[in-house]
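What follows is one chain in structure tokens, specifically the form predicted alone.
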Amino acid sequence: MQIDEKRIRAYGDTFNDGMIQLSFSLPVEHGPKGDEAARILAGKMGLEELEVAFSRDLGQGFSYYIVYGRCPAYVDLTQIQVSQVEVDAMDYYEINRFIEERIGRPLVVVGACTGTDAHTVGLDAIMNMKGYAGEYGLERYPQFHAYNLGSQVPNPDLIGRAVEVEADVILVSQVVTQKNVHLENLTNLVELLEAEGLRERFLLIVGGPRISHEMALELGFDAGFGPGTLPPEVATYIAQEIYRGQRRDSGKSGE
């Protein structure tokens, strides 16, 4: 099948037909009038050949809709440039061997869900010994000393613990993103580190469902990992970045 990368369209029933499914809630009573409101709203978004495929009452004057329709828009894939973490992928054994041979000591990582965030699923996926999707978490790696501080950790407490254990890395997970509270919290962490003259002391990493590498860099972090990230990806990045940092430092000291 020949794919035109300059005109990428969604498809539902047949290739390149532009059919998409959209779901949303409305502050209206469930019924024919609500269905029509959902159809009109989707039409104003540019969808064509619309059908309200499903709707239901949410109670208290709210209703939920799934709309199916044709989207005439397309994407030019050749014009897209995405900022992402660049690593030479390694597996569990290669990572441990790399750290032992190139760095010569275990790396210390302190991780937490900070602020009011009580959702540790993403953090545990990367740090917990059981790991995620068949991949061990950092606690299982003999060449990592991993401290999982859990949920709702204030930024000052996270920094204090990182200083106490002489961490190489601070790893932050942010799942709660309503009203962009994650941006405020992450910005505060960077500002605290800078105010205390500690920013350059740590490799600073953030992960979460609405995190991108580009956004992480804009906020002052070294790297950002989005949904579906596996523990070896984070472990590889940490090992390779700390090794590069050591080489840069040794080069400066030899000048």
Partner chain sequence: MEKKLNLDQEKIERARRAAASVAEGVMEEIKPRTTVAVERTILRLLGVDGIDEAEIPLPNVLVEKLHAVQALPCGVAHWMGRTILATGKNPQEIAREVAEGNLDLLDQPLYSNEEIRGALEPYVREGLEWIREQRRRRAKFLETLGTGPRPLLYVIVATGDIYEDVIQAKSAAEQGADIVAVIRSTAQSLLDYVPYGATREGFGGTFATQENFRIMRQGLDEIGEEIGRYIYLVNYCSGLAMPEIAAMGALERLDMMLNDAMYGILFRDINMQRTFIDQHFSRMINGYAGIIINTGEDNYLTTADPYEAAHTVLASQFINEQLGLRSGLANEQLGLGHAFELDPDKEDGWLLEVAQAQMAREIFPEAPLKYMPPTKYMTGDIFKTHLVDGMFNLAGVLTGQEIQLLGMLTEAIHTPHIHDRTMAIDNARYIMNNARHLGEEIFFKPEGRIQKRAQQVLDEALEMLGKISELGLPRAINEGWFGGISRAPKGGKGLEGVVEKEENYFNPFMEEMSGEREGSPHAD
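Residue numbers count along the first chain shown, from 1. Please read these numbers as outputs of a predicted model, since none were measured by experiment.
The protein also exists as the form predicted in complex with its partner chain; that form is not presented, and the subsequent description refers to it.
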item	value
Residue contact check: E51 to its partner chain in the model of the complex, 4.5 Å heavy atom	yes
Contact label in the model of the complex: I66 to its partner chain, heavy atom within 4.5 Å	yes
Any non-hydrogen atom of I242 within 4.5 angstroms of its partner chain in the model of the complex	no
Its partner chain contact at S25 in the model of the complex, heavy atom, 4.5 Å	no
Which of 183 to 191, 214 to 222, 52 to 60, 34 to 42 lines the interface with its partner chain in the model of the complex (heavy atom within 4.5 Å)	52 to 60
Residues of 9 to 26 having any heavy atom within 4.5 Å of its partner chain in the model of the complex, listed in sequence order	Y11, G12, D13, T14, F15, M19, Q21, S23
